[in-house]
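Here we start with a single chain on its own, the form predicted on its own, put down as structure tokens.
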Amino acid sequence: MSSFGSFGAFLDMGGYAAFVWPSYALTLAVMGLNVFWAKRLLARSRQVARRRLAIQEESRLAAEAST
């Protein structure tokens, strides 16, 4: 059995709801932003890596063509 008598009592968190629910919301927001920023950084890193590989390939082909 739960320590809360009703769903309303659960939402009230024993009078600490003003502290508990914003903490959960802030934690969820930070975790969501962390995932968003990580995905964005990964996409940018992949783009930079592709650009560098393309430049290397162009340099290699130019070197082969000049020999």
Partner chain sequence: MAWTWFHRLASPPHVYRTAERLTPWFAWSAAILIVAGLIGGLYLSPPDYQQGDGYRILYVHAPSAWLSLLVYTTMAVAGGIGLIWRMKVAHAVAASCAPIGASFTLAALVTGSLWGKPMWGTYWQWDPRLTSELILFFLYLGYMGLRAAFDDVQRSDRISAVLAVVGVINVPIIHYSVVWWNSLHQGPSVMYLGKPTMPPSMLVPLLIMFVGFTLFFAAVLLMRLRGEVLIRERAASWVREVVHS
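Rigid core here is just the name for the largest C-alpha set that superposes within 1.5 Å across the two forms. Note that the coordinates shown come from a computational prediction; the quantities given were computed from them, not determined experimentally. Residue numbers count along the first chain shown, from 1.
Below, we turn to the form predicted in complex with the partner chain, even though it does not appear here.
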{"item": "Partner proximity in the predicted complex: S59 to the partner chain, non-hydrogen atom cutoff 4.5 Å", "value": "no"}
{"item": "Partner proximity in the predicted complex: S3 to the partner chain, non-hydrogen atom cutoff 4.5 Å", "value": "yes"}
{"item": "In the predicted complex: members of 25-62 within 4.5 Å of the partner chain, any heavy atom", "value": "L26, T27, L28, V30, M31, N34, V35, W37, A38, K39, L41, L42, S45, R46, V48, A49, R50, R52, L53, Q56, E57"}
{"item": "Post core alignment: Q47 C-alpha displaced by 2 Å or more between the shown form and the other one", "value": "no"}
{"item": "Displaced residue check between the shown form and the other one: E57, CA, 2 Å or over, core reference", "value": "no"}
